[in-house]
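First comes one chain, alone, set out as structure tokens in the form predicted alone.
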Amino acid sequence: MILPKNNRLSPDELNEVTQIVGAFGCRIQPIVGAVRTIYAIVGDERDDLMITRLEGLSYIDRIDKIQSPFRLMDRRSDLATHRIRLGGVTLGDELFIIAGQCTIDPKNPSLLYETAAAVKEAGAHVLRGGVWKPRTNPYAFQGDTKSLDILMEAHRRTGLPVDAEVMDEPQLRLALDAGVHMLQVGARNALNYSLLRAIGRAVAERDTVVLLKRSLHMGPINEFLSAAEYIASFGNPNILLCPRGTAPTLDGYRNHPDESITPLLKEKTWAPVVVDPSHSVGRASYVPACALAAIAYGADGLCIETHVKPSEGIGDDPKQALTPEVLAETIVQAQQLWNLRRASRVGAAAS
């Protein structure tokens, strides 16, 4: 990882650096921060001669070598100071809430508009709306591109940034062209490396945030972080990690709740953790407790399925969506727990 003496390399300097690393089979990926741009060496950065040549350049401050399979996502990287801001919230500094419908009903857009207004009132910062949906049953409703217009209209009416899941590159292009603020990578695509690369390339020069859910069958923590590295290595550091339950299921729950991995993630990465309790437990009556457990484990935020009329939902909403009233109560309780956690950290630091 290359840190220049100035805030960024000039075009001529970048060209020289690119030629040097290219001779050793590597490439340079700029990672643009709010104040400073760092330059990731993508490839095997262990060659001593390459490092020596780079360190000899007058405009290079230093070269950081991180021997990790996820060198950009590693908490020791210079991205550790990177902050993601969305919906008026700086992740890590304030409790962050995503809420909204599993699936947008294109035949009844008023349901999303009402839900959007209600979750904003409840305290959510981002509106979730399923435009396209992966379904196990090929005959089940798969979503509708028309719903993208409904989602963006909800944004215009409420001012809330919006989150939409994408499953392939055509959907990715449509979402970005429409102005979606957060791209969601679902559990089924968390190991779809070609899609992760495409997202990294597409949003490298944008402020678009990526919510990366944990795969149902993802094993070690390093596998989750390496999936995020695919996105970061193409220039986008605005990545949120989202535990959402794994397989096999725990009897009585939709999946096996995994909010407890949050401390493990925090030990390894700087990336914010936003837990999805709705898909984890799969039943609305269990969601508030799971949400509070996630905050107690150290999560930076929550992604909670919410519907103004859950019984009229066309996705998972009838089973697991909270009403806006319950969402509001859950946010109040989560904020209280967040405040206690922060006070504890401040007290520990002072002592």
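Sequential numbering from 1, following the sequence displayed. Computed from a prediction, not measured in an experiment: that's the story for all the values here.
The protein also exists as the form predicted together with a small molecule; that form is not presented, and the subsequent description refers to it.
With the small molecule omitted here, the record of contacts in the predicted complex names 183 to 191 of 257 to 265, 183 to 191, 228 to 236, 117 to 125, defined by a heavy atom within 4.5 Å. Residue in contact with the small molecule in the predicted complex (any heavy atom within 4.5 Å), chosen from G88, P170, P134, G159: P134. Note on the partner interface in the predicted complex: the residue among C102, L112, L72, A175 having a heavy atom within 4.5 angstroms of the small molecule is C102. The small molecule is not drawn, but in the predicted complex it has no heavy atom within 4.5 Å of E45.
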